[in-house]
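Next come structure tokens for two forms of one protein chain, structure 1 first, structure 2 second.
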Structure 1
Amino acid sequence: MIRAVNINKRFGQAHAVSNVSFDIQAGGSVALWGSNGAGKTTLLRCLLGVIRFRGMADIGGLDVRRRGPHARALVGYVPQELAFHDDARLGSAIMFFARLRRVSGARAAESLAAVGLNGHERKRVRDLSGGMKQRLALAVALLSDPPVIFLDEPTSNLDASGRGEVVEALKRLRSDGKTLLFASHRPDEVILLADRVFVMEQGKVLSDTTPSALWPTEKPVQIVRLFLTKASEAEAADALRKAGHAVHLNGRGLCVAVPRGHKAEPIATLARSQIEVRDIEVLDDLQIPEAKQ
């Protein structure tokens, strides 16, 4: 369904995406995992055909550079933060995209209802909460029932409640056979939604793996995100790996898998190595084992 061959993108001298190739079958769900600047967003933009790149990409057999509009008709795109005109009313905004996607007004209304935004049509976009904006973006992405959905950190600006709602919707899409390609900083989302993970760094796909290979989900674990100084992250990752933890660096701290009830272990490990932990976040992934059953 999605094919990329030797995708390269440079901004000046910097390689944003470097020789990336992959194939994603219809119904597959792939997470892009990596630090800030790893090239996840740029790769999504290349695949959408909205920026120029070297190499080849096609969606549903359509070359995104030569047949961009037709290829994009097969894709629903959910950005990190919804970018609608702030003055636009929700109803007229979705109607504009419905016409672009050649679907009826009735279907637009159904899409809004499906994400729980019916009754808010008169509200202006600037008056919507972050969660409502993401739900609107999801409604727009799914207007024409496209077979492919691209999501660029769709929950990064949401609170726990909003995040859970979006993840639930994406789980349903996945079970409906949609092909998902999404960038995420959250291991819990990757575990719940992806069957493959592309680990990216400096524009390259370092490994094409599975969530279970990255995170030990066969026994109950929690993901703890540790916030350290940038300079100490690599040393801390080494120390934690030596102590037997699964560790992954990304743009928002160091994610460590720990057995339940042992959240303080990584902190103690780092303290022994005299590495200071500035902050800690326990990701709400308690349902991971159940979800995998």
Structure 2
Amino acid sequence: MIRAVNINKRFGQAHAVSNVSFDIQAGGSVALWGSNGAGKTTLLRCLLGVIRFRGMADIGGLDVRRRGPHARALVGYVPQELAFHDDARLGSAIMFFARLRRVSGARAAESLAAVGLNGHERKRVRDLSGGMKQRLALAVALLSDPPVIFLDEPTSNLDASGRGEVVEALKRLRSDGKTLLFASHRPDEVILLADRVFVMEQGKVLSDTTPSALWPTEKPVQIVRLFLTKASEAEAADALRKAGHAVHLNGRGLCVAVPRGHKAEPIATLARSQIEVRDIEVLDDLQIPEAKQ
């Protein structure tokens, strides 16, 4: 369904994406995991064919550079930053995009139902929770019933409850056979949604692995954010990765995914390398809402 061969993208002298190749079969669910600046968003934009790149990419057998509009018609895209008119009602917002996509009101209603937003059409966008806004963006992406969904950090700005709402909607889409490719920095949603993980750093795919290989435990996984001096962050990340930890830099500390009850392990690992941790923060858990009876 999705094929990439030697994708390269540079911005000036910086290599944003470097020699990335992979295949994703129809119905697969793949997470892009890595630090801020690892190249996840740029890779998604290359696959959409909206920026120039070297190499080859196709979706459903369609070359994204030669037949971009036709290839993009197979993809529903949810960007990290959403843009809806705050005064619009939810129903009006979805119908605006339905008219742009030339789909019926009935299809718009089906799209809302697919993400659990039917019955909320009279609510104004400004009154929606973060999770509901993100699900509205997902409903817009589903309007033409595309077989492929791209998502760029779909839960990054949400609280635990909002993340749970979005992940539950994505789980239903995966069960329906949609092909998912999403960037994420949260191990909990990667574990719940992905069957493969592309670990990216400095524009390269370092490994094509699985959630169970990254986090070989049945215990819940949490994120521990470590605060160090800027000069030691890269060295600390290397030491943690060599010790088998899933880690990324996000501009506000160094984030490590660890099983609950093992939150001190990254600190001990860094202590053995004589790297001092100034402070730590344990991030909250993902909350999946109970299914309605």
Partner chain sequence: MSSMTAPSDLPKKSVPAAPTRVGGITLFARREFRDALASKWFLLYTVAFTVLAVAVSFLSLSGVGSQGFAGFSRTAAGLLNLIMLVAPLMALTAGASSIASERERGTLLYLLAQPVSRAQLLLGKYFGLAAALTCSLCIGFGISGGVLAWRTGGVGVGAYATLVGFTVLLALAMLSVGVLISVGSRRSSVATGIALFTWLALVFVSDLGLMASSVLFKLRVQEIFGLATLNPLQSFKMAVIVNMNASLDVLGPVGAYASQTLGNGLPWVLASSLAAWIILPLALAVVLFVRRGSV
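So that the term is clear: the rigid core is the largest set of C-alpha atoms that superpose within 1.5 Å between two forms. This structure is a prediction, so every number in the text was calculated from the model and none was measured. Residue 1 is the first residue of structure 1, and the numbers go on in sequence order from there.
- Form assignment for the chain places structure 1 as the one matching the criterion, namely the form predicted in complex with the partner chain.
- Ser273: CA moves 2 Å or more between the two structures after rigid-core fitting.
- With the core held fixed between the two structures, Val75 has its Cα displaced by under 2 Å.
- Comparing the forms between the two structures on their rigid core, the Cα displacement of Asp87 reaches 2 Å or more.
- For Lys242, the Cα shift between the two structures is 8.4 Å when the rigid core is held fixed in the overlay.
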